[in-house]
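Presented as structure tokens, the chain that follows is alone, the form predicted alone.
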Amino acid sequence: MASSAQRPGPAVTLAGPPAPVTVIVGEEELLVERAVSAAVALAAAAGAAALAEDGGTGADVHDVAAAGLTVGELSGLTAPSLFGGGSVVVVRSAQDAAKDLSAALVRLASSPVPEVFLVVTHAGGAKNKALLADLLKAGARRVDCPSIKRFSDRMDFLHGEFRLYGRKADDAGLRALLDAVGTDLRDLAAACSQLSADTTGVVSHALVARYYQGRAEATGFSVADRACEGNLAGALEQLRWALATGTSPVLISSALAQGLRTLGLVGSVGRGLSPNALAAELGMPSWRIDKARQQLSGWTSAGLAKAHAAVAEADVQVKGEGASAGYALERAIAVIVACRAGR
């Protein structure tokens, strides 16, 4: 019977003795890689302990892709060694396995070979879904590595990463890190490692901004926030810094458009719902709704419509129609601030 599914955290550890077959399901590459490493380490440790008693030479680890792998090659990798060593075989992207290879993997899961541990990764989609179901039915352990797309999941991931290094981080610091680094998990994990090695104390907004030398403070979203608040000088200052540090003008125009759309969405539903309830309805974090409600002062529906038109025009300019992307963005920001003031 298949063991219960596990979802790996930042530091992936698999409890209990190693399963003869472990299936790692999902497309989040960093988590899949960590889960594979944990499964291999657990199996190798168990194999080494058993082999020490038999005087074996140690377990071999084989890492192969399912695409193009033949049944004969798999049989060779999983055959008992003449020298007494066990083996760990990692088969990647099992959704790409041919029909005969899929059948062979299921046979191995149903009748495991002594001292051989099989680790299989599967994207989890509809492709070759039957193989995944058959492996689990045969008794394979399942480890889930689902994509991390929601803001709250990324925040949880960052909190977990900093806990690995014995560090604490506040929500403002984590939001600043997302603004500075982006949403790729590998980049975020590397950033957490660097910050933990190079800084001390709580990972706060001020610490992240200082570490990235203004990068976290001068993203397109920071420009948009200042413009939507009606702070012309602040928005232009952030714009010039963002452009100087390499932020794409297209990203800045996109952030301006998103900021205005958020104002329109939040303004259209009124203030009857709490930020948490509204977050579920609009699909955005509650802190962003709080910020939008603060920025809405001074805005009218007509002003938002005019500001949207200005950003649309700037977007065309920065994508090649205009001579100067910076000038087009400066003009759009000036129009946004004027629209908020009702001019």
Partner chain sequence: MSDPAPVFADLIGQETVIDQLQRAVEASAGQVAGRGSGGMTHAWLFTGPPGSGRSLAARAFAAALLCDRGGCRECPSCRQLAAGTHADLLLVRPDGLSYGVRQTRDLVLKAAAAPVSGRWRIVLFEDADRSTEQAANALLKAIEEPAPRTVWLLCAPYADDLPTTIRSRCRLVTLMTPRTSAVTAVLEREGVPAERARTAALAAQGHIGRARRLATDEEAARRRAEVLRVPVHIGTLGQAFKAAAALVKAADAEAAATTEQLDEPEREALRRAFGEGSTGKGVAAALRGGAGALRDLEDRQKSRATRLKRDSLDRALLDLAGYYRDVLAIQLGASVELANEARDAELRQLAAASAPAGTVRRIEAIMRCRQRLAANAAPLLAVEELTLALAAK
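In this text the structure is predicted, and so the values were computed from the model without any measurement. Numbering follows the first chain given and starts at 1. Between two forms, the rigid core is defined as the largest C-alpha subset superposing within 1.5 Å.
Below, we turn to the form predicted together with its partner chain, even though it does not appear here.
Among Glu27, Glu313, Asp60, Glu33, the residue placing a heavy atom within 4.5 Å of its partner chain in the model of the complex is Glu313. Only one of Ala180, Ala257, Leu188, Ala138 lies close to its partner chain in the model of the complex, with a heavy atom inside 4.5 Å, and it is Ala257. Contact with its partner chain in the model of the complex holds for all three of Arg261, Ser301 and Leu304, each having a heavy atom within 4.5 Å. Proximity to its partner chain in the model of the complex, taken as heavy atoms within 4.5 Å, picks out 261-269 from the listed stretches 231-239, 189-197, 153-161, 261-269. Proximity of Ala309 to its partner chain in the model of the complex: non-hydrogen atoms within 4.5 Å are present. When its partner chain is considered in the model of the complex, Ala46 lies well away from it, no heavy atom lying within 4.5 Å. Its partner chain is not shown here, and in the model of the complex it never comes within 4.5 Å of any heavy atom of Arg331.
When contacts are judged by a 4.5 Å heavy atom cut-off, Val64 does not count as touching its partner chain in the model of the complex. With the core held fixed, Val21 shows a CA shift below 2 Å between this form and the one not shown. With the core held fixed, Gly173 shows a CA shift below 2 Å between this form and the one not shown. Superposition of the core reveals a Cα shift of less than 2 Å for Arg107 between this form and the one not shown.
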